[in-house]
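In the form predicted alone, a lone chain appears below as structure tokens.
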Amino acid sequence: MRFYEYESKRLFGKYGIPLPTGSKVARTPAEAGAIATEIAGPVVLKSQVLTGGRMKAGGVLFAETAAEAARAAEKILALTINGHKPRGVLVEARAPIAQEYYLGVTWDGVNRLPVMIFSDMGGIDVEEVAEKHPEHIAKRNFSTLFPFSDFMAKELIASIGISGSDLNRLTQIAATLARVFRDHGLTLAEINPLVRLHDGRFLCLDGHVDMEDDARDTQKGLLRELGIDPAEKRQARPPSQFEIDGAAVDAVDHRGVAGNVVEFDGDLGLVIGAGGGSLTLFDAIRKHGGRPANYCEIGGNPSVTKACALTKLILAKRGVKKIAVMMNVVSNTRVDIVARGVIKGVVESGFDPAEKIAIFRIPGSWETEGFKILRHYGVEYCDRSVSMYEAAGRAVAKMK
């Protein structure tokens, strides 16, 4: 779940990470003008969208007066950036910058630990810094079990030659960011740029936060405090209506998972699952030249009603020609229940299961009963002797 910049900064502000003066969101030009009046100085106005490229698209403007700020906000609020309409305009005081830094905490999938990354070259992609200027970047993994100490942050920052009062001030911010990351189930907490002003103070000029989707339940209090609906799902863009409807399918019935979907523009609907198996199957569909209409997870023994509702949702999506129902070998999900739910969904959508289901590959618990149901409706199915990759290939072949 991705936060807007203003939400990220509200979270950072709760922990005392220094922010620019103002740092409030305006929903109208008049509100932007009022915030600029409070700041009583030059301001920067930034479009609040869940995408990059704001500066190049004209989504970041500067103003010297409240009247200029209102006019700039009017332009930004009318601007669509990469297909995203702004949720508002962040208005902050402009800061005289002496030096830019990068500070981020994310998840290191190789070492299976959080990693803090720091660079004295902020304002550009950290990947580019790592590639072209590796001597300006430092990384350190840390435990999820033990507290993150200030000393660990100080060692990291000092390793690229920073000392004195700058080191002390940066240490405090870095250690705080690690605590924000750990406290709230985040997958990314990033400040870029983190800037030093000419008077020696440091400010978070831009911030990004991604929260693990599964953390939304435990973080309901925080989300409400930040003005975020805990039920809202976002990634690098606001959720589509299809995705909102998918989440609703999952929410109305506690049994199993069915409805955690991401929308794509293909023509093959996917009902897939089994942990990493769903990712493998999605990739296999793409590898065979297929065009997924969605990424989806199903498992944990969802009810017939839930599997049926998910199937109907996917079939109702414009452009979907067939669906593929595939999982790894499962012990926690009854094959016959998924088969009943999917077929019920296809029939209630007005289609013939034999025509609409490209392939059914779910081997595991109660598979004999499940395969009997599929045979009755003439649906092509396969057992575990057919690999997930091959099953994906069969599904794609039926789309041609």
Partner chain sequence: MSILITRDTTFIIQGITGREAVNMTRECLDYGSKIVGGVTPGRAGRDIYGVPVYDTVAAIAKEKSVDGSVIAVPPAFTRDAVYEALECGIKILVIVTERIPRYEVAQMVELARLRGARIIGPNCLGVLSPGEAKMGGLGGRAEDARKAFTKGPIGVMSRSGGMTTEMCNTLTAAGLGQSTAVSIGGDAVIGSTYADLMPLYEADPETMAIVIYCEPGGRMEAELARYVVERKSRLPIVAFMAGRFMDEMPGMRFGHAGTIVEGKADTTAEKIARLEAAGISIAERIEDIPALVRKRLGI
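Positions refer to the first chain, counted from 1. So that the term is clear: the rigid core is the largest set of C-alpha atoms that superpose within 1.5 Å between two forms. Keep in mind that this is a model prediction, so the values were computed, not measured.
The form predicted in complex with its partner chain is left out here; the points below concern that form.
Proximity of Lys85 to its partner chain in the predicted complex falls outside the 4.5 Å heavy atom cutoff. For the chain shown alone, Glu297 is a contact residue for its partner chain in the predicted complex, at least one non-hydrogen atom being within 4.5 angstroms. Within this chain, Thr37 is remote from the site of its partner chain in the predicted complex, having no heavy atom within 4.5 Å. Interface residue remark: Ser349 is not counted as part of the site for its partner chain in the predicted complex, having no heavy atom within 4.5 Å. Just one of Lys322, Lys75, His136, Arg237 comes within 4.5 Å of its partner chain in the predicted complex, counting any heavy atom, and that one is Arg237. Scanning Glu225, Asp125, Glu155, Asp214 against its partner chain in the predicted complex with a 4.5 Å heavy atom cut-off leaves one residue, Asp214. With respect to its partner chain in the predicted complex, the three residues Leu113, Arg384 and Ser387 uniformly fall within 4.5 angstroms at the level of their nearest heavy atom.
Stretch-level contact check against its partner chain in the predicted complex with heavy atoms at 4.5 Å: of 163-171, 325-333, 194-202, 94-102, the positive one is 325-333. Contact annotation for 143-159: residues with any non-hydrogen atom within 4.5 angstroms of its partner chain in the predicted complex are Ser143, Thr144, Leu145, Phe146, listed in sequence order. Once both forms are overlaid on the rigid core, the distance between the two CA positions of Ala391 between this form and the one not shown is 2 angstroms or more. Positional change of Glu367 between this form and the one not shown reaches 2 Å or more at the C-alpha, relative to the superposed core.
Taking 2 Å as the criterion, Asn301 counts as shifted between this form and the one not shown: its C-alpha moves by at least this amount when the rigid core is aligned.
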